[in-house]
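Just one chain is shown here, as structure tokens, and it is the form predicted alone.
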Amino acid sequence: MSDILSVHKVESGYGEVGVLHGMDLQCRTSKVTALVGSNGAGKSTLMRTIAGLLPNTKGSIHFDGEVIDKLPSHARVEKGLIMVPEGRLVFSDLTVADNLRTGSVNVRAREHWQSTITEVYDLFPRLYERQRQLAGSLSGGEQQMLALGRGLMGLPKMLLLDEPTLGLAPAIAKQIFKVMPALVERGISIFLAEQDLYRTLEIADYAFVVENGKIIMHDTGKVLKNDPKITNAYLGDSKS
């Protein structure tokens, strides 16, 4: 099976502050790939670099067989690489339906928005119920569903999910984790950074462990979930 995303010796950061130091990883097509690590290890920086929100100063990024290093973020979206950032970031003064429509503005997705929004409502019935409601009046969990739904409106080949269940009630977080394998069944590849590491490794086909901006270990989600070093360093009590 081919790799849809390949990151090779990538360095990136914020101004003169380097965060990623020769990052190497690959994500397989139509699989869940997880990025595991403590806060400040470089997970969000890598997501933002892949999405084109931060430049990589060294190394290369390949997506779907193309080098995308120099492409602006909107061009990466048009190729099917879509990020759902941490913090939800919905348009609070727009309705749920209008928020979803904003996700379908790229050339690939524009003409399919009506069928896509139906699929999003099937995945998240709560959004259908709230479609005429202002996004700012939604609960945190509903806003996360909306942010994910808006990403799906862009017809992604790959979703970059940065902490999608952060701060959510357990029942809502469980629903978000349940949706991810369903998206993979539809052919969408997922690259996931998450604080709920136990559940992340449960659904991950493969996972990479990042520390101080470098990959220090990688294996299947199942193997890492049962590795005492990973359990002691990162999982803690997250099984409960």
Partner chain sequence: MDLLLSPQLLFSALVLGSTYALVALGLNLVYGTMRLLNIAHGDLIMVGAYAAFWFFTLSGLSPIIGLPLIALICAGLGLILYFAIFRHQLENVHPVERIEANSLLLFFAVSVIVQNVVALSFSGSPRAYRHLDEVYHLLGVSMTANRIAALVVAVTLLSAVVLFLNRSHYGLSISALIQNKTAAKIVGINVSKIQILSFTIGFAIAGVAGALISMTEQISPFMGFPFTIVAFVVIILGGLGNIKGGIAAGLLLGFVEIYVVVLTSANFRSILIYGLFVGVLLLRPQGLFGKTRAS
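Positions refer to the first chain, counted from 1. Just so we're clear, the structure is a prediction, and the values are computed from it rather than from any experiment.
Here the subject shifts to the form predicted together with its partner chain, a form of this protein not shown in this document.
> Contact between Gly80 and its partner chain in the predicted complex at 4.5 Å, heavy atoms?
Replying inline: Close contact is absent here: in the predicted complex, Gly80 is far from its partner chain, nothing within 4.5 Å, heavy atoms only.
> If you check in the predicted complex, is Pro85 within 4.5 Å of its partner chain, heavy atoms only?
Replying inline: Looking in the predicted complex, residue contacts with its partner chain include Pro85, since a heavy atom lies within 4.5 Å.
>> So in the predicted complex, is its partner chain close enough to Tyr128 to count as touching (4.5 Å, heavy atoms)?
In response: Because no heavy atom of Tyr128 falls inside 4.5 Å of its partner chain in the predicted complex, the answer is no.
> With the partner left out of view, is Arg108 within 4.5 angstroms of its partner chain in the predicted complex by any non-hydrogen atom?
Replying inline: Arg108: no contact with its partner chain in the predicted complex.
>> Looking at heavy atoms inside 4.5 Å, which stretch does its partner chain contact in the predicted complex, given the options 165-173, 137-145, 92-100, 120-128?
In response: Selected stretch: 92-100.
> Can all three of Ser73, Ser104 and Arg150 be found with a heavy atom no more than 4.5 Å from its partner chain in the predicted complex?
Replying inline: Every residue of the candidate spot has a heavy atom within 4.5 Å of its partner chain in the predicted complex.
> Along 178-208, which positions have a non-hydrogen atom within 4.5 Å of its partner chain in the predicted complex?
Replying inline: Read in sequence order, no residue approaches its partner chain (within 4.5 Å, in the predicted complex).
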